[in-house]
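Next comes just one chain, in structure tokens: the form predicted on its own.
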Amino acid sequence: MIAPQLSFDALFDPDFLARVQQFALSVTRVDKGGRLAEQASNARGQGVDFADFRPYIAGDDLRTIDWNIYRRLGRLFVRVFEERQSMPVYFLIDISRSMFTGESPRIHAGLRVSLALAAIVLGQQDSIGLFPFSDAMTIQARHLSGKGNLVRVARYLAEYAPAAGTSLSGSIETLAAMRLRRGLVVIVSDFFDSDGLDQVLPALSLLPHRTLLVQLVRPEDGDPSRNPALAGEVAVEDSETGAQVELTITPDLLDRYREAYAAFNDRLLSHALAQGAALARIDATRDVLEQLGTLFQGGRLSL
């Protein structure tokens, strides 16, 4: 069953958005080329954070000369400062058909998380890009900045409708090949791909950005016995392809499924830790903001 889309009015909740302003998001370093803002960058020039000395070149600002060094060495050196620039955040959002199914569709939680993070990013004077995907990735917006664009982002998200199948690995590879300014990639998905983690994990390694993986889950993912319909003889249908598999649900089958799902989660988490990424598991049946509070411990998430 395909769930109704989340309306703009339901998504753009002023109380919800006001509460996320307590959070801050940052990365270790961004590439130069952005606007002056608050994120550490590899650019050298204007700023307040001392980075290094270099020999004076004709035309340099005389105010940057370190006269103490001149008195000691008889040579002119200037102080170089680290510029703090804006952080680009790229949202790769899964809109495959399976995201829209069930009583608590993952897409509803995914859109709320995406809008919350976008509100944080735009409130910091950073920028966002929107790249929804199903069996292929599309470019919806490359660069949006300023708090005034949050309404525009919410309208984009509220228009998302179920698409086709899932090609997470291919969509990540497409994004990695775009040579976007280095920043943060937020992937919002259940991470179920017909190609499996054997394709998804190598694709993640291609990204030159810091990454935040938002895994959308439901309680029955790890324990199908929570779903009373999964008992005895059943026909399980793939919500994206329509293909059916007839099964006899037995305790042994459920145990093997639980082991496989636990191994899937462990492998995804291990990869994230090895790559210095963050992994947030968001239960689509629970309040999103409470779960984000756990992610932003102390009010800040630094990657």
Partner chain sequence: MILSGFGLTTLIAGALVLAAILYGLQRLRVQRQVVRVATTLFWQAAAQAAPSRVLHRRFRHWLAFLLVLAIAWLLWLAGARPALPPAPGTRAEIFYLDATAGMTAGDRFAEARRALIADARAVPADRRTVYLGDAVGTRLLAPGEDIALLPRRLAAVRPEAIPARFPDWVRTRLPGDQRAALHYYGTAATLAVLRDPRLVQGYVAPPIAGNRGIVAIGAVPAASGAWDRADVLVRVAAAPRGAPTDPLAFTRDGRPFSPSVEQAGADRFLLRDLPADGSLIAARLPGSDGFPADDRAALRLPDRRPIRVAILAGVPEPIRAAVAADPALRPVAPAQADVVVRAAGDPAIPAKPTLILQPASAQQAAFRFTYVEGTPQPDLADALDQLGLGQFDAVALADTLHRPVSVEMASGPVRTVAVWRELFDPTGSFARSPSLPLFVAQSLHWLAAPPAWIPYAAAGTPLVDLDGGDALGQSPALAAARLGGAIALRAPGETRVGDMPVAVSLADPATTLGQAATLPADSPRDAHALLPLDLPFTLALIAAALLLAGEWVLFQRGRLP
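It should be emphasised that the depicted structure is a prediction, and the values quoted were computed from it without experimental measurement. Positions refer to the first chain, counted from 1.
Form predicted together with its partner chain: not shown, discussed below.
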| property | result |
| --- | --- |
| Partner-facing stretch of 132-140, 169-177, 112-120, 185-193, counted where any non-hydrogen atom is within 4.5 angstroms of its partner chain in the predicted bound form | 185-193 |
| Partner proximity in the predicted bound form: Ser98 to its partner chain, non-hydrogen atom cutoff 4.5 Å | yes |
| Tyr56: touches its partner chain in the predicted bound form, heavy atom cutoff 4.5 angstroms | no |
| 4.5 Å heavy atom contact, Glu159 and its partner chain in the predicted bound form | no |
| Residue contact check: Leu150 to its partner chain in the predicted bound form, 4.5 Å heavy atom | no |
| Partner-contacting position among Asp61, Asp52, Asp238, Asp266 - heavy atom within 4.5 Å of its partner chain in the predicted bound form | Asp238 |
| Contact test, all of Ala229, Leu247 and Asp252, partner its partner chain in the predicted bound form, heavy atom 4.5 Å | yes |
| Residues in 253-284 with any heavy atom within 4.5 Å of its partner chain in the predicted bound form | Leu253, Leu254, Arg256, Tyr257, Ala260, Tyr261, Phe264 |
